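Okay, so here's just one chain, in structure tokens, the form predicted on its own.
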């Protein structure tokens, strides 16, 4: 991102959703958190909070997905898994275990609009975006496993397990204020992927 007002607001929304959740992240709080002018909201985000959350979600998805894809392509799926876990460790430790995954946060909360009322249509749109992000992360792992010879059906199941396990582990780490669970889950997932690859190669 360039660091302009709009980008600062998107990054600020990502940070607040990670720390506080979806509905504690109001436009007013984003403005306060980022030190940006209140009047710039209407200019940069004419659809208000929903648009800001959408863009924050898409940024967060790309922030994780692009490095994951590059590492899997260059070094294999096990390296991608290690990087995926390392990225969440960095988020947790840099925030003193206050921040988690904004995509997960949006997935488990009901969206409340700028007027203070739930908006089922907006909720459905945000869930669609979250689902697409998780699907992109899974597909990176599926393709990496397939490249290593793992059959597509098993690769898809393993990719789902990896994403679900790491996302859940991030929540455990926040509760315990420790990254130990990431190490434990990472060790088991790495062994599982290595076993699947070895079996595929005969």
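If you superpose the two forms and keep the largest set of C-alpha atoms that fall within 1.5 Å, you have the rigid core. Numbering follows the first chain given and starts at 1. Note that the structure is predicted; figures quoted are calculated from it, not measured.
Here the subject shifts to the form predicted in complex with a further copy of the same chain, a form of this protein not shown in this document.
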(request) Go through 52-60, 66-74, 153-161, 34-42 and give me the stretch that gets within 4.5 Å of a further copy of the same chain in the predicted complex, heavy atoms only. (result) 153-161
(message) When the contact criterion is heavy atoms within 4.5 Å, does residue 149 count as touching a further copy of the same chain in the predicted complex?
(response) no
(request) Tell me, yes or no, whether residue 143 is in contact with a further copy of the same chain in the predicted complex, where a contact means a heavy atom of each within 4.5 Å. (result) no
(message) Would you classify residue 168 as touching a further copy of the same chain in the predicted complex, given a 4.5 Å non-hydrogen atom cut-off?
(response) yes
(request) Would you please decide whether residue 91 lies within 4.5 angstroms of a further copy of the same chain in the predicted complex, comparing each non-hydrogen atom pair? (result) no
(message) If you apply a 4.5 angstroms heavy atom cut-off, which residues in 94-133 are near a further copy of the same chain in the predicted complex?
(response) 104, 105, 107, 108, 109, 110, 112, 118, 124, 127, 128, 130, 131
(request) Could you check whether the CA atom of residue 128 moves 2 Å or more between the shown form and the other one, using the rigid core for the fit? (result) no
